[in-house]
Ligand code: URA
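Below, in structure tokens: the form predicted on its own, a single chain.
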Amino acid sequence: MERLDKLLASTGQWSRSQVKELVRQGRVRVDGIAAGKPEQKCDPAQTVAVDGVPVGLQKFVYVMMNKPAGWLSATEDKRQQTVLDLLDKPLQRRGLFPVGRLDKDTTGLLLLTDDGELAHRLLAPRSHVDKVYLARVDGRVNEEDAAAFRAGLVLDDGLECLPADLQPLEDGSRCLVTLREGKFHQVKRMLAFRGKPVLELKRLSMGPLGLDETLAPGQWRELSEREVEFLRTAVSERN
């Protein structure tokens, strides 16, 4: 159960002060009954309407985006565009944030949500949630590189990387990299350490959630209930 004003404000359509005024004017109904006060408790599953129009109440929102190159994986930046600028205004006001950051020039699957607990679990190393990337490199990756990734790397700056999977593709200029952690610029740093600097990088999946290839760069959609449940199951099984 949540406060009515909090639930309505979380949709991004009204501020709490606006909700208070809507309730005072008798314009908000819960299951057909006029709301008595903005702080009354309400279940998101209940039917809430404003001016007779049902409002979809979601405690949390989950958005899959096909992140384009050139956009920051951040909630705000005074000088550059962020991925939140690609969302509709109501979603921008909900307080969504990226679950793990992609570099400015990295593309592909980006999950945005306001569910802090699930985000933390997805990123926690102990959850062992696989993140799969498609990389194009300057050079050719080979079995020696794959073996080094499987053994775990210690980079020149002392960064210790957990064992990871590397699968060369085609002529070796492209490869799939699977990580179970997400340190700063990790894929790029690991491949550069092996003498194969990354030219292009795209995230394909996070755990059971794969990028919807029907989404063009910059497009997004909300996750289905089934997809959200897959994510929750993936982290609960490992905690």
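A residue's number is simply how far along the shown sequence it sits, counting from 1. Computed from a predicted model, the values in this text were never measured in an experiment.
What follows is about the form predicted together with this ligand, which we do not show.
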| query | finding |
| --- | --- |
| Distance check, Asp165 to this ligand in the predicted bound form, heavy atom within 4.5 Å | no |
| Partner contact for Gln186 in the predicted bound form: this ligand, 4.5 angstroms, heavy atom | yes |
| Interface membership of Leu102, this ligand in the predicted bound form, 4.5 Å heavy atom rule | yes |
| Partner contact for Leu201 in the predicted bound form: this ligand, 4.5 angstroms, heavy atom | yes |
| Location of this ligand contact in the predicted bound form, chosen stretch of 206-214, 33-41, 186-194, 47-55 [non-hydrogen atom, 4.5 Å] | 186-194 |
| Stretch 112-136 - residues with a heavy atom within 4.5 Å of this ligand in the predicted bound form | Tyr133 |
